[in-house]
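One chain comes next, on its own, written as structure tokens: the form predicted alone.
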């Protein structure tokens, strides 16, 4: 059974279509990310799922029930906002128990569930503290504990890590994944960070201009992007036109040979192009090598970027002639359009 479904759901604001007739299934007990740049429709989709926006058309189901017009407080969903939205005058425990109090949960049960939720996020010792006494990461954990305490059918996370520094973001990725695994919650997370989506998702949904471009597990989407937009968003930088298709290769899968001799593996279904080094960027453990080559089909110039290990990088220099290669298994064909 799915945790939620979108059936031909659209959201239109005047002349602007924010979400364009999407069909989407949120699997039960899994973590789904809605991924894309600003304005792609991911947050609008989450707000419709939460009940804060009514779709212009289409149907939204939660747990198999039509909730298209059901108000947020009757959907039994937990929501964690980008800004945490904690009450500054309340203690941590009171913040976590707020949703339970609104639901008139008996006091003894409420206290037990607050303790359980705080223990889950490792903050039981701070139950009597105020939000201003906590770090950003601790405030984020309190917000998650509050959402989990009501035992929601679905947990919704709106860019929950964007206000944290890089180290805390990495920690909280693992923390959210652990909580999801321990509780078996169905989670929908909105993010613009492809690394976050790849690391945390069971299912990732890539969006652009209100439409779903591709969806599947990270292991399905990352090695086989459906089009150039998805490829670029996931970090593919090299695009090589041919007569039949557009080929893409990730920088770490390009080899740069200063001898200029094509290898058998690259010429039989892979990529092998002569070119000239235009830039070398040393980054400690690796070197980014920029090469200007020419597409075999059209002769048009093609900018290629290779990411080579600094310890194994060949003797390259700016202005030097090279051959850039990729093995067939690392070359991904995309629709020419």
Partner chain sequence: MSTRRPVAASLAVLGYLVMIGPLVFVVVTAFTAGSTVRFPPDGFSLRWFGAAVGYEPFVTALVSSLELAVLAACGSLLLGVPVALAIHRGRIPGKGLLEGLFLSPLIVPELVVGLALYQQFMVGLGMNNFTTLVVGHTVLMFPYAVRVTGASLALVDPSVEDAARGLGASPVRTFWTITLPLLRPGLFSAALLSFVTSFNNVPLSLLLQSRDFRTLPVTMLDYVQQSYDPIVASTSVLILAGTVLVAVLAERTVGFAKIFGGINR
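Positions refer to the first chain, counted from 1. Remember, it's a predicted structure, so these values are computed and weren't measured experimentally.
The following text describes the form predicted together with the partner chain, which does not appear among the structures shown.
Engineer: Against the partner chain in the predicted bound form, would residue 216 count as a contact residue? Criterion: heavy atoms within 4.5 Å.
Structural biologist: Residue-level check for residue 216: no, no contact with the partner chain.
Engineer: Evaluate residue 88 for contact with the partner chain in the predicted bound form, applying a 4.5 angstroms cut-off between non-hydrogen atoms, and reply yes or no.
Structural biologist: Although the partner chain is absent here, residue 88 would touch it in the predicted bound form, with heavy atoms inside 4.5 Å.
Engineer: With the cut-off set at 4.5 Å between non-hydrogen atoms, does residue 178 touch the partner chain in the predicted bound form?
Structural biologist: It does not: once the partner chain is placed as it appears in the predicted bound form, residue 178 has no heavy atom within 4.5 Å of it.
Engineer: Considering only heavy atoms, tell me if residue 72 and the partner chain come within 4.5 Å of each other in the predicted bound form.
Structural biologist: Taking the distances in the predicted bound form, the answer for residue 72 is yes, it comes within 4.5 Å of the partner chain.
Engineer: Which residue, 125, 103, 211, 107, has a heavy atom that falls within 4.5 Å of the partner chain in the predicted bound form?
Structural biologist: Of 125, 103, 211, 107, the residue with a heavy atom within 4.5 Å of the partner chain in the predicted bound form is 103.
Engineer: State the residue from 225, 99, 131, 251 whose non-hydrogen atoms include one within 4.5 Å of the partner chain in the predicted bound form.
Structural biologist: Checking each option against the partner chain in the predicted bound form, the one that comes within 4.5 Å is 99.
Engineer: Report the stretch among 74-82, 203-211, 112-120, 184-192 that approaches the partner chain in the predicted bound form to within 4.5 Å, counting heavy atoms only.
Structural biologist: Heavy atoms within 4.5 Å of the partner chain in the predicted bound form occur in 74-82.
Engineer: Though the partner is not shown here, which residues of 24-63 have a heavy atom within 4.5 Å of the partner chain in the predicted bound form?
Structural biologist: 47, 52, in sequence order.
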